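Presented as structure tokens, the chain that follows is alone, the form predicted alone.
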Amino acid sequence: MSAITTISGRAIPLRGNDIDTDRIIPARFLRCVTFDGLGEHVFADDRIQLKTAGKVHPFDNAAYAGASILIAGNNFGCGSSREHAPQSLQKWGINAVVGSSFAEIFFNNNIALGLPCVCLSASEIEKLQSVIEADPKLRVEVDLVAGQVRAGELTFAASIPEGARQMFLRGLWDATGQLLENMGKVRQRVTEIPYLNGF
């Protein structure tokens, strides 16, 4: 099992509230057997729409290439329960999301991937997005141990439900890792289950 304590790297600001899972990964890209390749289609329609208008979406902005922390707004990930949304973000390279609030299913789908979502106030998000836009090379740190988000001179107290925080800190978010680590106990339990042993 792998604990996740701190995520650091450059960040990508994505302004706007109520960004739903269909905007994160449009439905036409869900017809896939694996999640491989979803990253290139993240925010596909929003990116096309802005490009058509002569603008650049943050995920197409070369200044944010290689960023690993997404700075979103309020109610991020609302809409459907599709797990493709956090998968597409992770496949693009996102390792943590900082927002003012998250849709519950989206939040839980992120836990299953080891992708923490932490909350700051709307005014703190605005400040953080502004300093990143002014300096796209600024390193941001999401510290789950201290419960902070740091960027340059700025330090914010971040919130995440304690149960989720402990899952990351103790490596319990990784269900497959837990299963493999406890394979001896699993095999022992199988020998004790009557319907697997001819009653």
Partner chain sequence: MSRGTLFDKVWQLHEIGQLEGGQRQLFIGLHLIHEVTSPQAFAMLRERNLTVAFPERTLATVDHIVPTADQTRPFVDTLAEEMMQSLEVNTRESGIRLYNVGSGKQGVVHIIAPELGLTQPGMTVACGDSHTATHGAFGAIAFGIGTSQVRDVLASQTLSMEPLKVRRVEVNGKLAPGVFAKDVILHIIRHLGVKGGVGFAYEFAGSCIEALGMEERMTICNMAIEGGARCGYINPDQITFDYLKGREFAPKGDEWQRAVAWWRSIASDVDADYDDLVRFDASDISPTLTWGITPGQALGLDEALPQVASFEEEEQDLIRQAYEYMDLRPGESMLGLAIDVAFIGSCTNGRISDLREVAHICQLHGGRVPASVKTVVVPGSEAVKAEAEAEGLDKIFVAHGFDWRNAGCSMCLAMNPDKLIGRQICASTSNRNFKGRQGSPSGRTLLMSPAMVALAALEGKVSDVRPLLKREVKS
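Numbering follows the first chain given and starts at 1. All figures in this text were calculated on a predicted structure; none of them were measured in a lab.
What follows is about the form predicted in complex with the partner chain, which we do not show.
- Residues with any non-hydrogen atom within 4.5 angstroms of the partner chain in the model of the complex fall in just one of 59-67, 150-158, 135-143, 29-37: 29-37.
- Using a 4.5 Å cutoff between non-hydrogen atoms, R23 counts as a contact of the partner chain in the model of the complex.
- The partner chain is not drawn, but in the model of the complex it has a heavy atom within 4.5 Å of G79.
- Contact check for M1: a heavy atom falls within 4.5 Å of the partner chain in the model of the complex.
- Among heavy atoms of E124, none comes within 4.5 Å of the partner chain in the model of the complex.
- If you take 180-194 and check each residue for a heavy atom within 4.5 Å of the partner chain in the model of the complex, you get L180, N182, M183, K185, V186, R187, R189, V190, E192, I193, P194, in sequence order.
- If you compare C-alpha positions, L179 and N108 are 3 angstroms or more closer together in the model of the complex than in the form on display.
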